[in-house]
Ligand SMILES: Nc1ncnc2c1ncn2[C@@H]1O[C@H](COP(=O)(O)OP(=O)(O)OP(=O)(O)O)[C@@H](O)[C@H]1O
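What follows is one chain in structure tokens, specifically the form predicted on its own.
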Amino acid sequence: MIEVQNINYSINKRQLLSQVSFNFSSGKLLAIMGANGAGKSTLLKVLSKELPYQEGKVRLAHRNLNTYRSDELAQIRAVLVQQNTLAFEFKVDDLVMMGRYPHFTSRPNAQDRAIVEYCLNQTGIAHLANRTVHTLSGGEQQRVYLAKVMAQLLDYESLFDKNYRSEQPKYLFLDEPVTGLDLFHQQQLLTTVKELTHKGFCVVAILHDLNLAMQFADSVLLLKKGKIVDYGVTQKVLQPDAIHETFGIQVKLFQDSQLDYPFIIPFQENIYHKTARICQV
């Protein structure tokens, strides 16, 4: 479980997060959404302990985030960032194995290797295992890093038991994970991530696509200028009024009989009218 109470964060007197509070349970996927500059990445960095919050409290598994040692946190929390930079050339399977580093001291054992193989297969990159990461496309690299963070958190037992849930809480934070992916691999990645919630993972992802959030997220947190606009069950939050307040755009929701969730379509004419008014000024 993640518990966030009255988080504030500012840089150079600019308030990036203001009185942010929410609780979120394990076994679910939370989408953080908002316009550019809303504070999404800042919030994710605070939750993952990359940034120190200046006021308030963050608790993971009912424990204050600041009390975790880095080695403790590395075994239960993994982060997939927007951009990754490698100083050296690594083969794909070697990079994914790095996700297991918090779990062994000298060399990986058979279970570590089995977890890496499983993650390569789950992310659809097993055929790239012997390629160097630099030779891959951006979308392929994104899947490599997803495999790495999965390897960091998965228990060996979960590879064989679909109903297995780790006794130790696991937290996965994803910063715009589908950036650079085509439609097929967007669906594949989020389906893979969603399956991790069935293993008890608490997943928090920054998403920009409202329809992907509607399809995959259990809950949505809408941010605007560092403040929460709305938070709750996805279909209750992603409604026209809240979307308009957050993004400044009108939308309509449509239901298809073959889907158990609505899809969202913006009013394109409003964009054209707004652009026309700006051009006239």
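Predicted model only: the values in this text are computed from it and were never measured. Counting begins at 1, following the sequence as shown.
Below, we turn to the form predicted together with the named molecule, even though it does not appear here.
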| task | Could you check the pocket for me: superposition on the site C-alphas, the named molecule placed as it sits in the predicted complex, then open or blocked, blocked being at least 3 ligand atoms within 2.4 Å of backbone or C-beta atoms? | result | open
| query | Does the named molecule come within 4.5 Å of any heavy atom of residue 42 in the predicted complex? | reply | yes
| query | Taking 4.5 angstroms as the cut-off for heavy atoms, does residue 249 touch the named molecule in the predicted complex? | reply | no
| query | Is there a non-hydrogen atom of residue 58 within 4.5 angstroms of a non-hydrogen atom of the named molecule in the predicted complex? | reply | no
| said: Is residue 264 part of the interface with the named molecule in the predicted complex - any heavy atom within 4.5 Å? | reply: no
| For this chain shown on its own, do 14, 37 and 82 all sit within 4.5 Å of the named molecule in the predicted complex, going by heavy atoms? | yes
| field | Heavy atom within 4.5 Å of the named molecule in the predicted complex - residue from 194, 91, 208, 113 | value | 208
| query | Out of 60-68, 214-222, 233-241, 29-37, where are the residues with a heavy atom within 4.5 Å of the named molecule in the predicted complex? | reply | 29-37
